[in-house]
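Below sits a lone chain in structure tokens, taken as the form predicted alone.
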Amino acid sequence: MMRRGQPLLLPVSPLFMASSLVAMLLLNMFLSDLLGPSGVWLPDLLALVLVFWNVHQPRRVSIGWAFFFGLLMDVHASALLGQHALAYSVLSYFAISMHRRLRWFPVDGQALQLIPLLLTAHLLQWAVRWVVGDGLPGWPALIAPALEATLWPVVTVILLAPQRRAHNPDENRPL
């Protein structure tokens, strides 16, 4: 059953899913290189797109993909191996476990529901860094989960755009 007023979507292209994940990985790498340690307030766009695909396509983008992309981020950032992988895996697990309930809410309600998940992922990364002696990142790092939740509606519109049907359907098409 679908929520009233929710449009029927076309199947998603696996190539589009993969390219969106790789694009966000490259954007995260670029932004982390550009700003360095002063960019702790930046949203983790790869985590946001992973959560989106975990919610909308949980059978195609699973915890294994989150772990893989987390390892790539760890290697790029020269971070403790597994820091991002652990955070992304836990984030994906919780997103997949609540994906049916989450899709019943409007997009702004989804963003509110995702704030604790995104905050948990960041707290895991901070805890791992604290345990190995790096110290805590400071209060500007608390801005990142709020920015990620704010970007959720934008990410949803952009990533669902290729799946939307035409507004003026052809008379010869069955749907």
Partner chain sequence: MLDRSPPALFKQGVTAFVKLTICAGLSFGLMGIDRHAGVGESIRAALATALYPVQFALRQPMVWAAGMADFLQRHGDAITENQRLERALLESSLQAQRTQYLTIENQRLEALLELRAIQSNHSIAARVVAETPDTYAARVVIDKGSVDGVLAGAAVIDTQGVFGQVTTVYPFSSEVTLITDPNHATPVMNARTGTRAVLFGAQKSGPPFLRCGMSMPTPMSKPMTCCSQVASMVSTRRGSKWQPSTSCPIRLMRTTAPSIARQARALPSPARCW
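If you're wondering where the values come from, they're calculated on a predicted model, not measured in any experiment. Numbering follows the first chain given and starts at 1.
Although it is not shown, the form predicted together with its partner chain is what the next lines describe.
Quick check for you: of 44-52, 146-154, 130-138, 111-119, which stretch puts a non-hydrogen atom within 4.5 Å of its partner chain in the predicted bound form?
Of the options, only 130-138 has residues within 4.5 Å of the partner.
So in the predicted bound form, does Pro14 come within 4.5 Å of its partner chain, heavy atom to heavy atom?
Contact with its partner chain, no.
Would you check, heavy atoms only and a 4.5 Å threshold, whether Ala85 touches its partner chain in the predicted bound form?
Although its partner chain is absent here, Ala85 would touch it in the predicted bound form, with heavy atoms inside 4.5 Å.
Contact flag, Ala79 vs its partner chain in the predicted bound form, heavy atom cut 4.5 Å
Contact with its partner chain, yes.
Answer yes if any heavy atom of Leu71 is within 4.5 Å of a heavy atom of its partner chain in the predicted bound form; otherwise answer no.
Yes.
Go through 27-41 residue by residue and record those having a heavy atom within 4.5 Å of its partner chain in the predicted bound form; state none if no residue qualifies.
The stretch touches the partner through Met29, Phe30, Ser32, Asp33, Leu34, Gly36, Pro37, Val40.
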